[in-house]
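Given next, in structure tokens, is a single chain: the form predicted alone.
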Amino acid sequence: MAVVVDFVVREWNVWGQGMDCHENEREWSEHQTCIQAKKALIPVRVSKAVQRRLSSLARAVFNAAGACIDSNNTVPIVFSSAHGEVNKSLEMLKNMQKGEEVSPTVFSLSVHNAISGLFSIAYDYHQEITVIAPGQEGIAPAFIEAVGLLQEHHTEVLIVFYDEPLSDFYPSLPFSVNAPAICALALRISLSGSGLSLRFCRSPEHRDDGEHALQIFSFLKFLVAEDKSLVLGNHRHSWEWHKK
């Protein structure tokens, strides 16, 4: 990938606890707090069979991403999550410890790409789908993957970031890995066109802004704020986003 890449956010959408609609992200950002909210509604086009399989996190993803795809489903998607459905995996392991049997369906819904699989079924999606588990690298790998797809002559790419709070079973301190609330953020990007123009590049700064789950909220605040630049890092690599 080039050292500096310019792209355009053509459209974006978010669902998170404390945000009930697209219009109030600025108010949420200014208060910088997350309140417990009801579960995200399931889009009408999702079949009952799929609806029964959706976790709260999957509902958030469907609400954020569903509004950013076109009727022809022609946009490749990059899903990015630090933990995916790890809370479901934990519950499955607890049940196994109790001697309970685990069905193939329960197992399939606990793997990292479970939500992307359900999304492809619900929306009859046949375009390329990539699922990233970026670890300590934060949100930058999803942008790198998406820009690579754009440079392979795709007109647009949809990026979907999502995470939820971890179960208390998992230690979060001294690590900065735990989301403050459920959040799913979808960005449809292209190399040109109308929208929010951004420049994405490496940064020489040495910093620690938390991992993926926390960086989603930082990037969301950047989108709705007047700030012209954002730098996020994790001790090893740092990246910058500039509004042009």
Partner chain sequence: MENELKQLIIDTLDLEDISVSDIDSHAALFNDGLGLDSIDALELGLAIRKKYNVKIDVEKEDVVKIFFSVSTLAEYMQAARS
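Numbering follows the first chain given and starts at 1. Not measured: the values here are computed from a predicted model.
What follows is about the form predicted in complex with the partner chain, which we do not show.
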Legend entry - Partner-contacting position among Glu101, Glu152, Asp124, Asp168 - heavy atom within 4.5 Å of the partner chain in the predicted bound form: Glu101
Legend entry - Contact test in the predicted bound form: Ser71 vs the partner chain, heavy atoms, 4.5 Å: no
Inset, instruction - Spell out, yes or no, whether the shortest heavy atom distance between Ser108 and the partner chain in the predicted bound form is within 4.5 Å. - result: yes
Inset, instruction - Classify Val44 as contacting or not contacting the partner chain in the predicted bound form by the rule of any non-hydrogen atom within 4.5 angstroms, answering yes or no. - result: no
Legend entry - Among 60-68, 209-217, 47-55, 177-185, the region lying within 4.5 Å of the partner chain in the predicted bound form by heavy atom distance: 47-55
